[in-house]
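A single chain, nothing else alongside it, follows as structure tokens in the form predicted on its own.
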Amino acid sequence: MLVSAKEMLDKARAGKYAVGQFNINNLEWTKAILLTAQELNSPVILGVSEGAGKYMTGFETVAAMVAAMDKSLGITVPVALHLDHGSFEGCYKCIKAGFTSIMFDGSHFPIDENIAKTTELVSAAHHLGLSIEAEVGAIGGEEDGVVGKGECADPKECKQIADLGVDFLAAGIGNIHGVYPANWEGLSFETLAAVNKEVGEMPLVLHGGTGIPDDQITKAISLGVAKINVNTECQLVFAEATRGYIEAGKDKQGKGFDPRKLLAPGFEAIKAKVKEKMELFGSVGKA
């Protein structure tokens, strides 16, 4: 059931759990995540970066695939189709394509420009019933060519953006995209607590969910995080399962080279990883 992410995240914030955003890259990813959400009776957010959208031939293709799959699989749990780290132009493309939620990442702009662009997009999204996420502070690492140093957000700037009417807010708290380095210092809970105090009951978003220790995830949820993004971990387990299948020579047995068989181990690995994360986040049974 395709919906905006607002209601599911407001419920998560009030209920002290988080909804997972799992990024999709193709049909296997999407099917695995939707089926797992349905089996666990969990709300879910399908994240699409601009790079992944381009890879899948465009946002219209992605929206059509998700809508058709949602219907054909008989999905009844709440599902949001969400643009991840969107540009100003990308947000409008996704609004037009039929996404139910967008993220405008204006964190690399001066705060006044971030405010101006976010204000316009809040109006455009809410006019059509879409939810919108904004960002303050940088998420470390690299995603789709955008490199962030991981600067912690200014809580006062977070309040300025929150007051524009966004539905949920990503604040940099030392989190990064990709695999965390051995010398990573951990999340800045001091920053998170200060941001939470400034924005009140607004759901907060934790990007870079791959590799954050479980105890830090739990603490972040207790401090207002209601949406946690996972991408790299699904990519890693998919690659590992596919490698194991090929190294075992199963692709040379019978019709093991058939892509439906070749990709099946990776598909199951994604399902297992999503299940693990939904249980950790506390969203199981919350649809």
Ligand code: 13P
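A residue's number is simply how far along the shown sequence it sits, counting from 1. For clarity, every value in this text was computed on a predicted model and none was experimentally measured.
We do not show the form predicted in complex with 1,3-dihydroxyacetonephosphate (13P), though everything after this point is about it.
- Between the options 172, 106, 209, 203, the residue in contact with 1,3-dihydroxyacetonephosphate (13P) in the predicted complex by a heavy atom within 4.5 angstroms is 209.
- With the partner omitted here, the residue from 32, 230, 44, 62 that has a non-hydrogen atom within 4.5 angstroms of 1,3-dihydroxyacetonephosphate (13P) in the predicted complex is 230.
- Interface residue remark: residue 176 is counted as part of the site for 1,3-dihydroxyacetonephosphate (13P) in the predicted complex, having a heavy atom within 4.5 Å.
- Of the candidate stretches 107-115, 195-203, 84-92, 123-131, only 84-92 has residues whose heavy atoms lie within 4.5 Å of 1,3-dihydroxyacetonephosphate (13P) in the predicted complex.
- If you take 92-106 and check each residue for a heavy atom within 4.5 Å of 1,3-dihydroxyacetonephosphate (13P) in the predicted complex, you get nothing at all.
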